[in-house]
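Before any questions on how it binds or moves, here is one chain, the form predicted alone, in structure tokens.
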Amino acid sequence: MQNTVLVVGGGPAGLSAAATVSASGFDAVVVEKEEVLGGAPILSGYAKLVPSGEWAKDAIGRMVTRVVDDANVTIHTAAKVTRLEGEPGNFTATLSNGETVSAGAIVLGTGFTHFDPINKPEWGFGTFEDVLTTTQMEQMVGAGEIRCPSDGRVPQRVAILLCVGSRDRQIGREWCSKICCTVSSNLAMEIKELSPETDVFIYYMDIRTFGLYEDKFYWKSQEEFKTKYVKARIAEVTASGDGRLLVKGEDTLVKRPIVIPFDLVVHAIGMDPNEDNPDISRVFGVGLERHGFIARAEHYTNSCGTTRQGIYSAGAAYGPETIDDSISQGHTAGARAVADLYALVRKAG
């Protein structure tokens, strides 16, 4: 019987799982395919996190430091699990770096892949230099300056287009990505803080700043930062004759066409299944749900379970998820793994 838990993925869910495993008196081994820990918030250069308002590099950085400094946690970066053998209590994982890990249980904190808006070409990404993604805009906020990439001018008008790669059956993305509305409302306020003279417009189908986010982000962005929300269906983004961009579509409240010039257009990109999920499914023997995310076990008595006993998951590996909820689920998955190992020990003894 192994007293080690293998954690695959070094983002918020995986980091919290590893910390919980260690705090429970077990050893954790973290395997991360990238060269650094921290997941999307660090790799994509997120700015201030929702809802805490902390900079990602500080908040997630603390999580990384906690695990790196923990003597009970072993870390393999720039590595993947290429083979898994065994059963609950006695798994053996072979890594791409040639090492092997013996573990009693496994937690998959393998996260998601950002939607690539090149797959929505009519909205201008990849064609026009001043069409960006929310992650690129957050990097700009992190650098402390809002400017148009094409010529360096401070934008007078910025449009944020919601549901890029979400709720779109035409491109096979039927799901809501859960956090884009709130992130966009927060981003609008960050733009105004850095560039008060810039007007920010958010074009939406529906606003889904769920739970306690409604007041702190949706209403605050309008009432204090003068963000303008336009309920619309966007058809295309094209170039105007003066070097700006034209956002074309229909204002669905008044049922009339709109053609509005902007200096910057930002795509609020959704959350796709991890592009590695087919390989993860094959190697770990876990199922995928119909959209390609990791399939959940029955949730009410098997929280954080997958379709294979002894293998658990958490966070955006299951589907679009917030960072805070991914952290909470990571703790739960780590606790489930440890509790089930204790149960196996009692059964064997």
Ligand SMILES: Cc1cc2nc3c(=O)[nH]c(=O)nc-3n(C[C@H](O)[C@H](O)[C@H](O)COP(=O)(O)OP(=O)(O)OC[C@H]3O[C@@H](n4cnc5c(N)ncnc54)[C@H](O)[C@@H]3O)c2cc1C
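Remember, it's a predicted structure, so these values are computed and weren't measured experimentally. Residue indices: 1-based, along the sequence shown.
Just so you know, the form predicted together with the ligand exists too; it's not on screen, but the next bit is about it.
- Taking non-hydrogen atoms only, residue 67 never approaches the ligand to within 4.5 angstroms in the predicted bound form.
- Although the partner is absent here, residue 101 is not a contact residue: none of its heavy atoms lies within 4.5 angstroms of the ligand in the predicted bound form.
- In the predicted bound form, at least one heavy atom of residue 280 sits within 4.5 Å of the ligand.
- In the predicted bound form, the ligand lies within 4.5 Å of some heavy atom of residue 13.
- With the partner removed from view, the residue among 234, 93, 191, 179 that has a non-hydrogen atom within 4.5 Å of the ligand in the predicted bound form turns out to be 179.
- For the options 200, 105, 183, 265, the residue carrying a heavy atom within 4.5 angstroms of the ligand in the predicted bound form is 183.
- Of the stretches 129-137, 145-153, 243-251, 256-264, only 129-137 has residues with a heavy atom within 4.5 Å of the ligand in the predicted bound form.
- Along 75-104, residues 79, 80 each place a heavy atom within 4.5 Å of the ligand in the predicted bound form.
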